[in-house]
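Okay, here we've got a single chain as structure tokens, the form predicted on its own, with questions on binding and movement later.
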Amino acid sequence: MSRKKIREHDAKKMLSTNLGRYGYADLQLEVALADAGSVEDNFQKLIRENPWLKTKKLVVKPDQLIGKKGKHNLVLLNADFDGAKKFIKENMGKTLEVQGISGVLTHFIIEPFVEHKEEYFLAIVSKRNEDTILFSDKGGVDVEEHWDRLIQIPVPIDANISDTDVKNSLGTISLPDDKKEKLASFIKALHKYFVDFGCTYIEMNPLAFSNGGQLVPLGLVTELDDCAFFKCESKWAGLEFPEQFGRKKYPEEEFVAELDDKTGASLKLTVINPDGKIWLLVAGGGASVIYTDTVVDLGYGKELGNYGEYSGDPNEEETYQYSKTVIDLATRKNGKVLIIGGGVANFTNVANTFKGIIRALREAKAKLQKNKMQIYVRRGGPNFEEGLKMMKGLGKELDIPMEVYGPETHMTKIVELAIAHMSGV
């Protein structure tokens, strides 16, 4: 499962537009997004599309997947429109270091300032066998200091939130009965939305009752399950999946993303350390997590060059293009081991995908030899015997050290072998 964060502006618009269909019609959020283009247009487009900007007190903050904005003085409260403009113009394009990461401010969310008294924390986390609802009556910037007040409400995967007694589960918090009823109704609708919209994580911190009695998520983080795109495409229409603050995509990542967009298979690549000595060419999303976690668990996370996977039965050409990209990255500097791994495929033709990998390895022969690259192969699934035989022959043909294993060898074993080899190089 690949989790993708979205902008707070998009998360609030999507939630406000859709929560009513799940039994809670009282959430009405007004949000606007200012980017570099907005500044150049002197904010006229923003005003035309959001006339409330001229009549309400406002909150302004960056909208770039930055955590702890309040603690970094990145939130402007109770401002008029002129103050909001000034704040955005002064900060737009500014280079900022947040939690050791340097990046440029390019997007700001603007929303009405909400008068309130108490602040709460609400989250839903997707786990293997359940969704867990988390609630605390002490939210805000210091929420971590009050984890002892956190209430956990498990919702098993095969359960219906309508059958969960959320109100009584909130029994320890001090709220009038009408507000507790409204909060329980909100949580139930939110969980239905969470499931239907392919969410893996939602966090509202703070969540507050306005002085008018309406529940308002003042801060909202939303992560979506990339694997749910096939069923949520129409619901996610127009969503942007921005990079983490301070991180720009490598050209190779953009190339693989373009390949992924054009195929029914799945091709994913994230460059972690371009100078890394351990590179992964892994089939399957679950297998990619196992291989990556094993590298980290063995203490070599800093040497990991990439994270990614090819799955969904890509054809030979798609596998070739993907493999060529990973191998090129691995052989530029200090690549020492290449792990061509995977679990036991259910329907992916191992022999066919290996043909694409073999083409890429043949083309990279000189670079592989120059880097003294050691290759470890482990695979199972349809036609795996043929695929492994082809790999063994290739190692001899190219005069490249290559160890080949089938499903009788545990996936993590070849990671241990690769690291042992690397440590001795």
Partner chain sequence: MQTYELFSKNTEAFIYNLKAAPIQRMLDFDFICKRSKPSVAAVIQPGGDGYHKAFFGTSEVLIPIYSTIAKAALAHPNADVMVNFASFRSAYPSSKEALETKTIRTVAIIAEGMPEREVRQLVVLAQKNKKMIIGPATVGGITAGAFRIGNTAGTIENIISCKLYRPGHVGFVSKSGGLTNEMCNVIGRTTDGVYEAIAIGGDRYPGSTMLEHMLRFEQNPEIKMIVGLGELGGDEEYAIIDAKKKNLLKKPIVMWVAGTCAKMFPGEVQFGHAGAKTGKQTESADAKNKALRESGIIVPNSFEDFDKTIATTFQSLNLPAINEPEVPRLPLDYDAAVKKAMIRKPTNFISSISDDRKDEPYYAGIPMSKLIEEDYSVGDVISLLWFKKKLPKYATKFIETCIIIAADHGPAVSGAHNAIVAARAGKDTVSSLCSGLLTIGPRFGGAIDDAARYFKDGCDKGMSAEQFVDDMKKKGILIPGIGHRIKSAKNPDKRVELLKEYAKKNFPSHKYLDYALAVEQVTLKKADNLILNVDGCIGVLFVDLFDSCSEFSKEEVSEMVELGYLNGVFVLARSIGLMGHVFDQKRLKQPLYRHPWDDILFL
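Positions refer to the first chain, counted from 1. Rigid core: the largest C-alpha set superposing within 1.5 Å between the two forms. Remember, it's a predicted structure, so these values are computed and weren't measured experimentally.
The protein also exists as the form predicted together with its partner chain; that form is not presented, and the subsequent description refers to it.
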Check your understanding: If contact means any heavy atom within 4.5 Å, which of 170-178, 87-95, 325-333, 228-236 contacts its partner chain in the predicted bound form?
Key -> 228-236
Point to revise | Proximity of Glu318 to its partner chain in the predicted bound form, heavy atoms at 4.5 Å | key: no
Check your understanding: Even though its partner chain is not shown here, does Lys13 get within 4.5 Å of it in the predicted bound form, heavy atoms only?
Key -> no
Check your understanding: Does the 4.5 Å heavy atom contact test between Ser136 and its partner chain in the predicted bound form come out positive?
Key -> no
Check your understanding: Do Glu243 and its partner chain share at least one heavy atom pair within 4.5 Å in the predicted bound form?
Key -> no
Revision key, fill the gap. Its partner chain in the predicted bound form has a heavy atom of only one listed residue within 4.5 Å, and of Thr222, Thr164, Asn205, Thr292 that residue is Thr292
Check your understanding: Phe113, Tyr250, Tyr307, Phe81: which sits within 4.5 Å of its partner chain in the predicted bound form by any heavy atom?
Key -> Tyr307
Practice item. Within 4.5 Å of its partner chain in the predicted bound form, which residues of 283-311 have a heavy atom? Give them in sequence order, or say none. Key: Gly286, Ala287, Val289, Ile290, Thr292, Asp293, Thr294, Val296, Asp297, Leu298, Gly301, Lys302, Tyr307
**Study point:** Rigid-core frame, C-alpha of Ser16, shift of 2 angstroms or more between the shown form and the other one
**Key:** no
Check your understanding: After superposition on the rigid core, does the Cα atom of Leu224 shift by at least 2 Å between the shown form and the other one?
Key -> no
Review point. Aligning on the rigid core, do we see the C-alpha of Glu119 shift 2 angstroms or more between the shown form and the other one?
Key: no
